[in-house]
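Only one chain is included here, represented as structure tokens and corresponding to the form predicted alone.
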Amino acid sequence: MKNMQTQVCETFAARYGEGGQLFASPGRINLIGEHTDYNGGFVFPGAVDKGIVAAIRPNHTNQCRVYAIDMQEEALFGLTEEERPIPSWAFYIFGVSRELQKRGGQVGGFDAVFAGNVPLGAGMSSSAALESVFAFALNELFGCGVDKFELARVGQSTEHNYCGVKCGIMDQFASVFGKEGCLMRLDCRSMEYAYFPFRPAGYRLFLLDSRVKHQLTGSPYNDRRLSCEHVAKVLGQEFLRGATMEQLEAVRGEISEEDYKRARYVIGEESRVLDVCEALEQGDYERVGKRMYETHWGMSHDYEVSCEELDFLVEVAEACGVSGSRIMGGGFGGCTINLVKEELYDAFVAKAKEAFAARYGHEPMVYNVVISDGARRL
């Protein structure tokens, strides 16, 4: 992170002069509770030690100049709807600026340089990190007075209104509210949250990045959300949150088989999140791992957001005696998150690399998880 800070500062000074102020915001992992946030359910994320660093300085105009080090590209844009940027990555920054304005913030023009070390396509939410670092920084630099919960909603609204993804609140919440050494249980209906210390003695938590991302036609993420909303409506509810399997079975004849499977996964996932909270309080990491496997196969068979490569990594984990493994993130590629006893770690990683390379022609990347702080000034 220090090297990235230096690079961002030096690039800012070279392009725009002195005076850039440094901010950072992290990516996230999610132990369990996938695709539950937009269903009003529970999630269990934590911020990580990889994220976005940005140097930002108001420039006293109505124009913005933003340079992305990783893309080696500059975006120039204004602050009205008619002045949207051209590069797609800049939509996130433009959207945050506009959403702060909609909430009464007097956001003016600024110069910025940013870089990131969140692996793209790994399901660690680099987009939320980008939204959150700019939301946090612009809120502070322009004195917008927006509270932290609303900053998370600024990022979510940016996804909805400027990027075409009807996401829930989890990614932005984790990026804003992250706390070193703690996971967070968030109730996405009430927005109540609690920190849970996460220091599993004798276990390692890490990601295996398949380095594949399947591009699917249409909007599979939005389609699944529509399925859930339809079932909730049939049940007479705003969200699937709180629905039971008995209620779902009672309306099975009124919904499609696809909608039934999507809802079955979400209802099961809600109970798994709560069970994991109880297990963590009791220090029962084997129970945590068991629920992780259940989540994976639910996402694979019912929600249908896994892929062959991720299923293969989870099967290898099961065969090696890993305590828990599952797909993490929206799906269709990216990472598995794995909970493994220390004494099994080296053998499992070696086996996973060897077996995956033999099947798919390349090794997965390994990212050890360090639970870290949320958006902040550096």
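When you see a residue number, it is the position in the sequence shown, counting from 1. Every value quoted in this text rests on a predicted model; they were computed, and no experiment measured them.
From this point on, the text means the form predicted in complex with ligand GLA, which you will not see here.
In the predicted complex, ligand GLA sits within 4.5 Å of a heavy atom belonging to residue 221. Although the partner is absent from this view, residue 40 stays clear of ligand GLA in the predicted complex, with no non-hydrogen atom inside 4.5 angstroms. Proximity of residue 289 to ligand GLA in the predicted complex: non-hydrogen atoms within 4.5 Å are absent; the residue sits far from the partner. The closest heavy atom approach of residue 333 to ligand GLA in the predicted complex falls outside 4.5 Å. Of the candidate stretches 93-101, 70-78, 255-263, 166-174, only 166-174 contains residues with a heavy atom within 4.5 Å of ligand GLA in the predicted complex.
In the predicted complex, ligand GLA lies within 4.5 angstroms of at least one heavy atom of each of the following residues of 31-60: 33, 34, 35, 37, 38, in sequence order.
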